[in-house]
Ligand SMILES: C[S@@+](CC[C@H](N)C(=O)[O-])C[C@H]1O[C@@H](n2cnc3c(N)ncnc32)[C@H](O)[C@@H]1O
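Encoded as structure tokens, the following chain is the form predicted alone, with no partner shown.
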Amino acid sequence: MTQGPPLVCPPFLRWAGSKRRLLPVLQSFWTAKHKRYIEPFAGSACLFFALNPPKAVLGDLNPELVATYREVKYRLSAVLAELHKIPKNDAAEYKRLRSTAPKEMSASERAARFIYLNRYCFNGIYRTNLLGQFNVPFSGQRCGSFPTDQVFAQCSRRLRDATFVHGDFEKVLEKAVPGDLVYMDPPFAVRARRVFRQYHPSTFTHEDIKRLRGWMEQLAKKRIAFVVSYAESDEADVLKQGFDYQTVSVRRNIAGFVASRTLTNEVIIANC
């Protein structure tokens, strides 16, 4: 496969396990025969923003994430107005926003809160406690620069051609038809790995792996193109059986610190 075009529209969110380093491989699966892009585990949606497909369906189990995408799509000016009020990279402000209940905020304030916490939290992780309260610690200087208004505007334009689904990945995959390209990057269900990959109380389980494998088989029977990326593991072995795949080494900052960067293997599985 030839490498796709460079990333020209960076995502405005950070996300643990983001596949930005895999974009040269992943972009090559999108071809002129594909009419719509579908992603049931959207996260930062870096592949969507890089591809700029004519139509898309973005889904996720995280309601705050889906609501934020809707606000950036429809009411970006209001979201930016709220973001401009908040001191950047401020630990006290981070803690204040983290302790504020989203229900007490307007839709634009809620989206601004999500974006701010995402930018300055540890390693781009989304994690909540049993009460559903975001509880990731402040990271500060290791977060990179805050997205510019121009980046937000570019992302907003690309989101105009996307529809959003809040819910389980099956709810999104039910919408897939021939001509779509489905990209699936599920949360890890890898056993015995304490590398802070717990994104949410609704973590992917081994039963979910079985459900995902079943959907891969359904999509293949319907001749719907799909690509799956997953950490090299026993679970990846289950997913890749009978399909074409390749293993790619990626340098990751798995503990949130530069000294902990290491090469990890990602398995890219596809039927196209």
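Numbers for residues come from their place in the sequence shown, where the first is 1. Nothing here was measured: the structure is a model prediction, and the numbers come from that model.
Separately, the form predicted in complex with the named molecule exists; it is not shown, and the next lines address it.
Position in contact with the named molecule when the complex is considered in the model of the complex, options E93, D168, E82, D161, heavy atoms within 4.5 Å: Exactly one residue meets the criterion: D168.
Among the candidates F226, F41, W30, W215, the residue which, in the model of the complex, approaches the named molecule to within 4.5 Å (heavy atoms): Comparing distances to the named molecule in the model of the complex, the residue within 4.5 Å is F41.
Choose one stretch from 240-248, 50-58, 203-211, 216-224: the one whose residues place a heavy atom within 4.5 angstroms of the named molecule in the model of the complex. Single hit among the candidates: 203-211.
Decide whether F12 counts as a contact residue for the named molecule in the model of the complex under a heavy atom distance cut-off of 4.5 Å. Contact check for F12: no, nothing within 4.5 Å of the named molecule in the model of the complex.
Check S233 for me: does it contact the named molecule in the model of the complex (non-hydrogen atoms, 4.5 angstroms)? Contact check for S233: no, nothing within 4.5 Å of the named molecule in the model of the complex.
is_contact(P147, the named molecule) in the model of the complex, heavy atom dist at most 4.5 Å: No, no contact at 4.5 Å.
At the 4.5 Å heavy atom threshold, is D185 in contact with the named molecule in the model of the complex? Close contact exists here: in the model of the complex, D185 approaches the named molecule to within 4.5 Å, heavy atoms only.
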